[in-house]
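Structure 1 and structure 2, given next as structure tokens, are two forms of the same protein chain, each shown alone.
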Structure 1
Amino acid sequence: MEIYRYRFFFFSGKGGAGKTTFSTLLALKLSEKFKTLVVSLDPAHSLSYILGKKIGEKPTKVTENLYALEVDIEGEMKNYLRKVKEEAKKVVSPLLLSEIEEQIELAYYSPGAFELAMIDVLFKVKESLSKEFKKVVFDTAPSGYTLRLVALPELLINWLDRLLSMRREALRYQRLSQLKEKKSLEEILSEDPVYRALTRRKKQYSSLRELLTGKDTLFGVVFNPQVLPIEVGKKTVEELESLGIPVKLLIANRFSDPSPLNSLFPDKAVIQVPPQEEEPVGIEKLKCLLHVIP
């Protein structure tokens, strides 16, 4: 398959399957021709280990054309909730604000907080860092996290559509109840901080949906030759595609023979990374494997 025609790359699979190793390997290959960024979205953060270099929260130069970034998951969750608080201050009565802030603090521990923070990270990378880099490779969290992450934009867009519709109706009735000279509904909507905030969020999530499903994005799943990683990988492929995200590449990591994957998915491209005597840690060892990527 023609790897170079894609701009964004996502790799998922069971924990320990080799997502970080292959993501880094591909980023190194792409950096031979393009300025490339590899981003770790995995809380385990193995990128620094694989590269043999401390990777920070801002793009860290690894080679002439390769940069790496490890996302501070806890920091991003706190940053996301801080932004929610700021938006609440614009639209909530001061009498209610302290109670709402307390609920927002509790949201840090709630299900979905991790995925919402990652959504913000993806948007930030797409809108700012992708202007600097020609290719961006995402090393995602293990399969379960990834599936929830990619399903979220569509769910949030549907939810926001309902909220926008309800807010529009509320403002329409409010306008009709006014006896003095009225502004048009569109003028009222454009000035309403709640409606503006919801609209801004919907644009962000729509942009992310386009990133995940667009023609410039390649989704891959990494497999190991053991029974459980193959089953987890198979389920990941099926669930991603049920969400409307085509999986275009399978990675047969540590496979002596990739035929089991060819049999399972005869219509998909497979890259075989044969077993190594030593773990490929560091740029020089990774360079020895670049030939596996066509």
Structure 2
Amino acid sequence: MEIYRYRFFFFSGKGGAGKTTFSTLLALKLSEKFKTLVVSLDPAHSLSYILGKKIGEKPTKVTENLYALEVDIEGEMKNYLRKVKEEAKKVVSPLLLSEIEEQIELAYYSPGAFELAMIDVLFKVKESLSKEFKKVVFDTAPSGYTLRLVALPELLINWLDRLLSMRREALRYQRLSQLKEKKSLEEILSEDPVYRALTRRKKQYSSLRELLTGKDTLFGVVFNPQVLPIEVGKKTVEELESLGIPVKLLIANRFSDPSPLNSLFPDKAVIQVPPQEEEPVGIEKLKCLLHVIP
């Protein structure tokens, strides 16, 4: 398994299987050669615990080349909706404002809101931090909702194209109906907040698919015999692959003998992490486990 050829890393697996532990261990390994960031998007952050160090909302230095970050998704949601409301204050007439503000507030509780906010954060981290950091390990198990969205990108992209052309039509009619000096349609589109927002979403959804399924990404599944039987874990692998996400690595966490995994998946790379007597938390204990990653 050549881990250094990938740039982005994700691990799926049941709660308690060892995702955060392995993500951190892998990040530590990657940081031996590259400037690496490990990001938690889990609302129940545990990076601070596993690293034995308080991790902030800005990349926090852990070792020479390793940084960690815990993103507050709910805070991001509030921020985003606050900005939408500020925009509403600017463009909506006072008579309609309170109805629109209420509609905006509802979004916080709407189905899928948290997952969509997570997508925003993934995109933001990729756009803003992947220049500074050569390797980024995401400590988050993308939910079924997110994965289905990834599986639907063509539909979504077609849909956005449709909305973009509707918007173009509307602005074209509006432009034609004006008698005074006219800007070109392209100029109008480039300044139009709706057209711009739709263009950004289109870019974002395609980028999400690339991030989860692209060749720069290593997507792994963590198995743990104490948390669930390997046959159940096998289902997770099959589901991911049926959604177009190739699973390139299996982690046999807390396995004394990884051979059952090897025989169940003869074509996949398996990394064994033996059960430790003490919880592998803190940099020193994690360092003792680095040798398990080839």
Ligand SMILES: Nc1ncnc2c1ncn2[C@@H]1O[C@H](COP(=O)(O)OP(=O)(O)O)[C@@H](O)[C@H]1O
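If you're wondering where the values come from, they're calculated on a predicted model, not measured in any experiment. Residue numbering: structure 1 sequence, from 1. If you superpose the two forms and keep the largest set of C-alpha atoms that fall within 1.5 Å, you have the rigid core.
Note: the form predicted in complex with the ligand is the second of the two, structure 2.
Put the two forms on the same core and the Cα of residue 171 is off by 2 Å or more between structure 1 and structure 2. Taking 2 Å as the criterion, residue 128 does not count as shifted between structure 1 and structure 2: its C-alpha moves by less than this amount when the rigid core is aligned. The Cα shift for residue 191 between structure 1 and structure 2, taken after rigid core superposition, is 2 angstroms or larger.
Relative to the superposed rigid core, residue 157 shifts its CA by 3.3 Å between structure 1 and structure 2.
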